[in-house]
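Same chain, two forms, each on its own as structure tokens: structure 1, then structure 2.
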Structure 1
Amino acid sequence: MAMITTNKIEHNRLTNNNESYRHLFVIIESLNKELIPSSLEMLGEARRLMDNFNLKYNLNEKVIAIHLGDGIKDLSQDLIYYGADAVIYSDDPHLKYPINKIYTKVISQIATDPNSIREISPEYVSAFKKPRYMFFLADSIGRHLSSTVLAELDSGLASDINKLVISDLEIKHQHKTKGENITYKKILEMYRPDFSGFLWTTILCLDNKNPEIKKEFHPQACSIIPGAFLPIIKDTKRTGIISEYHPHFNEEDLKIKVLKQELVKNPVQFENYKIIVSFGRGIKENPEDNIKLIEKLAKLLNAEIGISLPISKKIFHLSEKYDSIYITPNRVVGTSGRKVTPLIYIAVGISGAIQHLEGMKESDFIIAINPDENSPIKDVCDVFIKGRMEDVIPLIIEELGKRLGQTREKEKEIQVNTYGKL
């Protein structure tokens, strides 16, 4: 009798969980047959999320890495080591370059083909329609690819995410639930700073439960900002399933061809500098003159110059010279730009929006110059200088000039003494 009861419980568990949407698919990027580090960051967060998910819901869903390219088969084992339960790869000369039209077609094929997960999770394959969740990188390739794949899969997309939670939510919505309180299960809460940079925006991809417009939206998907999460430690004892998917191309697919690809280095190499001086909207009183001050300070410190996200939107009128040099996306520090970790980070006229803090808070020593002593950046900096940049920076430049002058004089004395001895 006990044996029969156990079998019934197991049967009911599988029956009740016979959903059409399963697993978390992570779209991997590589370059020159090397995995992009940000892809491993996504895998790490996917691993953490799905471990908690399976424990909470008593399920056995997988982190599945999808990797397209040419000559990339040998990278599959590393994806297992970094957190994937399974890897589905397509290794084909037509996939050597990430042509959006072709990549969209192949990823959509994999995401809607039950046979793609037959070996990975046979218990779920009979009802499988699409992934439950999907992750893409929020880079130049992933932002474009995520939008076209999700359009093909007829679901929603949240862009530039840097925080994720899976939970059950009570939702009351005139359109989605017809004003009724409904519990949505296994919802991916996708967070990003709002446009002010000071508050979190939560984005949800919800089914229409309203009987009049009933419709399901899966996968729940997002593009993830590089640097938002940490990869897990590589574990060479991890095992998983590696499966090859053979895509089918037609003449229409292959109309676009890439003949040559050259890697263009970012002209702003933050990683080569020990000091970064960044400026924000605080330059507003005299934008160009203040940039000249910051430029002079950076030159004295042998520092690179960064900017906050709002500055990149060209909110101030500047001459062509300063606009082209400094008002570029390459210099943005933050979740919508780049994460930096210099020895010294100087924030000039930056109030401290969440979006910016996430990109620079791991700097060894942080100095902020701001007239508002209640600005959020005060809570993360080591030294806070209350004052207008127009007043503070000239004093710093003057003092630096004196000290550098003294240092040069001492160097000359040493050289004279050395030559005298010779």
Structure 2
Amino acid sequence: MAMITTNKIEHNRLTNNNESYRHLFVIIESLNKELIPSSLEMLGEARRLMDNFNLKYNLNEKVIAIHLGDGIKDLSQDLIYYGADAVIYSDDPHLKYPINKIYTKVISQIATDPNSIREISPEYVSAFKKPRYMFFLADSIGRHLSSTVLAELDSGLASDINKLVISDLEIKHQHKTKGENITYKKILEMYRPDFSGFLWTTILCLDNKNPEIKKEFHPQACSIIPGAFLPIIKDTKRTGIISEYHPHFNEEDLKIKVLKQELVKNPVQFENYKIIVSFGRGIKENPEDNIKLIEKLAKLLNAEIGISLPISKKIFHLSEKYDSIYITPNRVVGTSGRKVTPLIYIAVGISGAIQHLEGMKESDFIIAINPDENSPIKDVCDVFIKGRMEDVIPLIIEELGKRLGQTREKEKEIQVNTYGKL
């Protein structure tokens, strides 16, 4: 029995060894010599996927963290602790800032150079062409970088992904398979909300197996929404290979220079509030008056104010004061904005599109105010108040006013009694 198993493994190894695409490359971001936490979230998901992958396909492919920067070598060990099997880093003063042109060039060099994996997996070097999978972060740097790297590697890209599965799929497609049923192996299913925001789209990056237009599309790559996955727990017992890559630059590459970098602190600090009141297009009947109502409610609750994405596109005519305070991208909650997890999240006039829900669904307690009980927000909220905000919010304000008034009276009484005793 044992003999048969060994033979099977050996057979798999031989038949698999001519595959040209290997490993999952995770493009790590850091700032001021600190790892960006979402990079660790990507590593966590990569670890989970590749553990299953190796088990299922009886392979030994790795999670390889690719990290560029200046003075970043010492962060490599942490990447191993957070799930990478190996780290390929380039530590060079020219890589201090993530200049797209230079980063694209170096990452593409690493991804297509068999020598970059020589130390990590010598058994795959001879056939290696490119990574099997590649992950980037869906932030402003990663979104840009993923598009230029994948153009360079001549493959496809799915952006803003928040769910991933690796599976074998039977595909029948006029263009890809010339109408034949073909089983594709080790396919990365990349999920993101569709443009309506109410359905999921699955994106696949498939080789053309149609004999007339044969072409391979690897790596299968995506950018991943920050907050979509959890990092694994740091394990300082984990070991891995750390390998330096020396990139080649020419004069042309180094023409762009960053003279100064300044960190701008976000003026909206959702993290400092226990309650967030967000509003959406439901304010439409009387936008400015409705924002005033929401502002009053938020003040009473000591809450910060968030918005849905369409609001940030300045779709309503408002006075300069309200426009400048509330209609700003840094208040957007969702996949294109911020992820928030307050104790209480109050969604006013928000329908509950997937992109919005992804940004707030982990709040402890969710209240929705909406006249339409078929709105998808109803499925995720703890309390659904069916009604127009114009009718509901004044009642809440009135009740809160009474209760806060009573509390203040009680506080005064306590103070009088305490002073009386002194």
Ligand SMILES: Cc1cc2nc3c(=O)[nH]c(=O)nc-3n(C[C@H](O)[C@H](O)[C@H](O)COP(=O)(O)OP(=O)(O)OC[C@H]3O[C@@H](n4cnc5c(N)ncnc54)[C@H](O)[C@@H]3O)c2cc1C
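Take the two forms, find the largest set of C-alpha atoms that superpose within 1.5 Å, and that set is the rigid core. Just so it is clear, the model here is predicted, and its values are computed rather than measured. Residue numbering: structure 1 sequence, from 1.
- [ ] Please state whether structure 1 or structure 2 is the form predicted on its own.
- [x] The chain shown first - structure 1 - is the form that fits the description.
Task: Post core alignment: Ser30 C-alpha displaced by 2 Å or more between structure 1 and structure 2 - done: Result for Ser30: no, shift under 2 Å.
- [ ] Align both forms on the core first, then report whether Lys178 has a C-alpha shift of 2 Å or more between structure 1 and structure 2.
- [x] No, the C-alpha moves less than 2 Å.
Task: Rotation (degrees) of the smaller of two rigid parts between structure 1 and structure 2, from C-alpha fits - done: Rotation between the two rigid parts between structure 1 and structure 2 amounts to 11 degrees.
Open item on the list: Give the rigid core superposed Cα shift of Pro287 between structure 1 and structure 2, in Å, rounded to one decimal.
Closed with: Rounded to one decimal, the shift is 2.9 Å.
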